[in-house]
Each structure stands twice: as C-alpha cells, then as structure tokens.
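Below you'll find only one chain, the form predicted on its own, shown as structure tokens.
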C-alpha cells in the first residue's frame, strides 16, 4: 500500500484509540497520521461509536430487544445517571435485551442488573446466566452432524486443515466447479450465486486481488454470524483460504463489526493455530474493526470503510469483482457463505445441493421474539415458519405476524406460516429471505409499534448519500408517528406513503433505501385495520 492508503486505513482505529470525537482529537490524529483534518472529522462523525464517545453503555432498542424489555433497561440506566444511549442492533436478539459496555456485549441484561450496579456503568453485568466471555446462545441441532449439516455448529473445531489439503489436491478449477455445482447462494441477503463472483475475480487481468470477509452483521433479528465465528472459526478461516487460493488472491481482509470483541479474539486464536501448522503460508490476514454503521454491511460501503473513508455505498457497475478494494478485483462474502465452502470441497457440490429442500443447502435461521427458545437453527433451506418454530419449542401465545428476514423484509401475516422460507418463495410474496433473521410477534406487542421500531432503525442508519433515502426514511417515520398520535390525529398522514416508497426504491443506489419502506408498506397491505383501514393509505 502507499503511505496515503496506509494513513487512511489506519484512521478509524487511530480515532478510536484517541478516545473518539472529543475536542481536539480529529486535528491531533490527522496531524499524527498525515491525513487532512476535514477527512478525519468526516470519518469520525460518520460512525456511531466514534461520534459519541461519551456513551459508555448502549442499550439495544431493536425490535426483539424492545419486546424483551430493552426500554426498561435503558430507562433504568438513564435514571441511574449512567452514560448511556440507545443503539439499533447488537446481534443479541436471542439473548435480549443486550447491552454494549464499551466494546463488550452483555447478553440478557435486566433493569434489576442496572439497579444493582448502583450507578457505576463499569459494574454493570449480565445476570441472566450467560457468559459475556463466550457469548453463545442456543443452537440447533443439539448434536454434531457432519454429514447432514453444512455448518454443523456443534461439530468439533478442526485445526488440521483437512479441507485446505483437499482443495490443494484438486486445484482451483475443480474447487470453483464444486461451488457452481453446489448452487451456493450468498447468505448475507442478496442470494447471488457464489460461483459467478469467484469466476469473475479469477478471470481478471489484474493480478493483485483481495478476498474480504463481511462480518458486519447488523440487521435487527440476525445473529448467526456471531455463533459461526465463535463456534466454527475453523470453517470461516478455511473457507477464506480456499477462496483466496482459488481466485489468486494473496491478501485477506476480515471486517468485523465493532461489537464483535469476543469473535475477534476467537478468530485471532484460530489464525495463530493455523499459522503455526504452516497452513497459511503465502497469505496475509488483516483484521479490521467496524465503528458502528449498519450500512457497512453493504459490500461497497464496507470497502469504503476498509479504505478509511465514510462508509457510503458506491455506484455499480463496476462491481467489486472488477474494481473492489483499492481498485483491485475483490471477492466479498459474508460469514455464513464462506463457512459453507469447506464442506462443499470435502463432500462435493451435489452433497451440498441435496441438503436443501426448495433451494440448495442447509441454512442458518435466526429466530427471536415470541418463541420458546430463541436461537440459531440449521435446517434445510426452504422450511416453513411452523417447522422452524417447532424446533424452537413452539410459539409463545398466538402467532399474529412475523418478519421473515430481518428489518428489511417487512411483516407477513400468520396465514403465511406455511410458505417456504427461501429466496424465491418469499420474493413471490413481496418480501425477502434477507439474512433469515426471523422475528415472531404475538398480539401482545402492537404491530404498529413494531413497524415504527423498524422505520426508526432505517432513519437512524441511512448514510444520507441519496436524497430519496435520506428524506424518505424521515418522512415515513414521521408520517406513521403523526398517524398514531392521538394528539395529532392526522387520519390522512399515510396518504403519500406509496409515492414516497416508489421514489425511494427507484432513486436509492443501495438496498437500504429500497428496503426501508417495506415494514410500513407490507403492514399496510396485510394489516390495514391496524392503521385505520384501507382508506388510510389511499
């Protein structure tokens, strides 16, 4: 890298180590590492965890955490005089409510825990019986099954590099052929065929290439990457190495969300073990900590952040396979996608394809909300909600609605409980599988509040680059608040929702602006009575 690139890449970390955006910090850091002060200010104010360093505690106010009492925890901390604020998502929907203390996530925190801390934020601990050191939730199946599961979360960690040796034996062409035969689709939300990316990078004339791991999981309702990184780091590292050698990359960048302090440590230990066994020869590994921005889960925004800039999505084309990190061909995959690779290499593409039902492979489904055992469930891709919840111990109360794939997927009514949870079937219903973060609601939590939670999330996380997204997320949240406010009593507040949603979908350059209206538009479609009847939005 050039000196300028080194300096910009180092900027977010330098700002973090200097205490975030406190008075004088941007100027001092800019002078020390050699970037313009304006650039340091721009980056520092973009990321939540840098912009507001005075907040030492952050209580998750995502939908599942609010349903579990997150608001009570936040209020208790505020009343105790702690330096606290709400935050959109901490990837702890199954261990809700979750709280971030500095960079450490505390699972299952209660208002009583706050009271026992007696105003000392550093003394706040989780009393829910879960270890903040391991931070593992419930996963299913409860026993290892290497033959029947692609990820096998209960399987023993394999540091012998068995899949790496197999990939070396068969060579890059056969590895990519196996990926194509498997039908592996991206597990981060888009469902794009993985082999097309691999071939795209490998075919570039430019020989300097990169592989990037997207571990910036920030979709409310989603926490599977956390479980994979902590329980099967071997699968993640092996998948990255196999991918790098197949596409001809020598440098691998791992972008972990800033809250993933524990997964970071686990990955470092795993890398050291692989390195000690001589399995990483010829490859560079770099870990990069996110600083709090949901939008960086979008692949080009993540590349911008890796380069030390504000995490704003790029226009496409060109795609990252041609012009990616620092302008070089780059293969980007999320954690679950890359962790599927070792199993495919060992057992073949046909084996993986056969694990699915409607579409190829087994899939990690996250389920939270009103179910008996929230957690991460590996099941054939294409199971129904009823089948998933049966494994999760059943519904709590009567099913009223569910979000099939995180905040971006909106809401479906209980009548859709038999629809396969896969890419195609959910697309036909006007929604999406997304990250497979399923949130179940009974009638004890008002759907209108759930919709408002999601709209607030998108407004807070819009990067502001596209006017339709920046203005539209504000408009939708404001319109619903005016409709629900007894004081405002604006019965026509939702009249322009359809027009605003169309403009956001057509005028936004990334998926955030295109998906942000879905919580409201899907709720108006399926539950019009919750908003005053069909005429409310007409």
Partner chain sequence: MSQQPRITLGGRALVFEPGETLLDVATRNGVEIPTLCHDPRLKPVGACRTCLVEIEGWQRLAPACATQAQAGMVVASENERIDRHRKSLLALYMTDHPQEEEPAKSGTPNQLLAMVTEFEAASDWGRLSQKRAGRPGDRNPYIHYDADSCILCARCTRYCDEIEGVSAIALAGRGSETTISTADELSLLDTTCEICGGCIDVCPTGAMAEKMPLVQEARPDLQLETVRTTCNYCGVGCQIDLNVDRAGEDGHGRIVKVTSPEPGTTTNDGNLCVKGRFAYEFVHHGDRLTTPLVRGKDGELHDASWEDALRIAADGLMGVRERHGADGLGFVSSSRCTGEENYLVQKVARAVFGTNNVHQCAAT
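Positions refer to the first chain, counted from 1. Only a predicted model underlies this, so the values are computations on that prediction, with no experimental measurement involved.
The discussion below concerns the form predicted together with the partner chain, not included here.
Quiz item: So which of 309-317, 281-289, 265-273, 408-416 is the stretch with heavy atoms within 4.5 Å of the partner chain in the predicted complex?
Solution: Single hit among the candidates: 309-317.
Self-check item: All of 297, 423 and 426 with a heavy atom within 4.5 Å of the partner chain in the predicted complex
Solution: No, the candidate spot makes no contact with the partner chain.
Quiz item: Of these, 189, 468, 86, 218, which has a heavy atom no more than 4.5 Å from the partner chain in the predicted complex?
Solution: Contact residue from the list: 468.
Quiz prompt | Residue among 164, 252, 463, 247 with a heavy atom within 4.5 Å of the partner chain in the predicted complex | solution = Of the listed residues, the single hit is 463.
Practice problem: With heavy atoms only and a cut-off of 4.5 Å, decide whether residue 42 touches the partner chain in the predicted complex. | Solution: Yes, contact at 4.5 Å.
Quiz item: Is residue 70 close to the partner chain in the predicted complex, meaning a heavy atom pair under 4.5 Å apart or at it?
Solution: No, residue 70 sits far enough from the partner chain in the predicted complex that none of its heavy atoms falls within 4.5 Å.
Quiz prompt | Touches the partner chain in the predicted complex: residue 509 (any heavy atom, 4.5 Å) | solution = Although the partner chain is absent here, residue 509 would touch it in the predicted complex, with heavy atoms inside 4.5 Å.
Practice problem: Classify residue 500 as contacting or not contacting the partner chain in the predicted complex by the rule of any non-hydrogen atom within 4.5 angstroms, answering yes or no. | Solution: Residue 500: contacts the partner chain in the predicted complex.
Quiz item: Can you name the residues of 36-50 that have a non-hydrogen atom within 4.5 angstroms of the partner chain in the predicted complex?
Solution: Contacting residues: 36, 37, 38, 39, 41, 42, 45, 46, 47, 48.
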